[in-house]
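Coming up is one lone chain in structure tokens, specifically the form predicted alone.
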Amino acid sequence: MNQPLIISCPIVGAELTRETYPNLPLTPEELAIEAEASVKAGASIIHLHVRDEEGKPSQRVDLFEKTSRLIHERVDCILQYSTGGAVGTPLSERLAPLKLKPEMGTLSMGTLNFGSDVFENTEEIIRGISAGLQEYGCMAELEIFDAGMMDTLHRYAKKGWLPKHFHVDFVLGVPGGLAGDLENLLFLIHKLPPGQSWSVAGVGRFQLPLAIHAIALGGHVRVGLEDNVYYRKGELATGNAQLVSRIANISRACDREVATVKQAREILKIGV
């Protein structure tokens, strides 16, 4: 509780459409505006997916470059590129944007039944993305969707297949992965290496309760439209900033400071 709370915001994701959420930001310009509002509300990390001209998920380098530039013209923040892409994206495309050298990039630690789809992360894919993150000097965020992925983390770390310095994000509530129960979160926390930084991303109805638990337990939080489009049951959020602002206010009410971008870099030892 003494450490400032890092809030990460996934502003668009790869699965949402405007049929589900009419105000979904899609263009580089819209994503930049959304990122600025989220940072001003309390986020220090922007978890970034991009969309092409038709609004479909893309790993095109030019779109990541333009969106990143527009975001940094508006606000200072830690950009964390998704290497997951959309379900079925080949490894070469998942890796491509890392050549832009973002401060952070994701690394999913296993294959998962993702709703009715399969999110594939074989040993080859995990090692390939890990090598790419290290080549371009990006801090890795290891994404854990299920219990067995923690065992994979420890096994791969022992073999030297992971970056030595990383952050862990528990993504709970995906159909096919661990549910967003407090018991599951506590189980995963107890599996962490000593002193390891961690955050939790609750999907759907799990977003708010898991964020509150993370605040109390000294972890960090991911909150935004990629994971949940509702502010409360039956009421769509007005945008990412509304979801971020609520968590920032709750944290401050618990006497836990919300991290600035500078503090987030220091806590995560980015650039060290």
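Because the structure is predicted, anything quoted here is derived from the model rather than measured. Residues carry their position along the shown sequence, with the first being 1.
There is another form of this protein, the form predicted together with ligand KMH, and it is not shown here; the text below is about that form.
Here the chain stands by itself, but in the model of the complex one stretch of 178 to 186, 96 to 104, 192 to 200, 112 to 120, 112 to 120, has heavy atoms within 4.5 Å of ligand KMH.
For the chain shown alone, G84 is a contact residue for ligand KMH in the model of the complex, at least one non-hydrogen atom being within 4.5 angstroms. In the model of the complex, ligand KMH lies within 4.5 Å of some heavy atom of S108. Ligand KMH is not drawn, but in the model of the complex it has no heavy atom within 4.5 Å of H213. With a 4.5 Å cutoff on heavy atoms, E15 counts as touching ligand KMH in the model of the complex. Residues of 225 to 245 placing a heavy atom within 4.5 Å of ligand KMH in the model of the complex: E226 alone.
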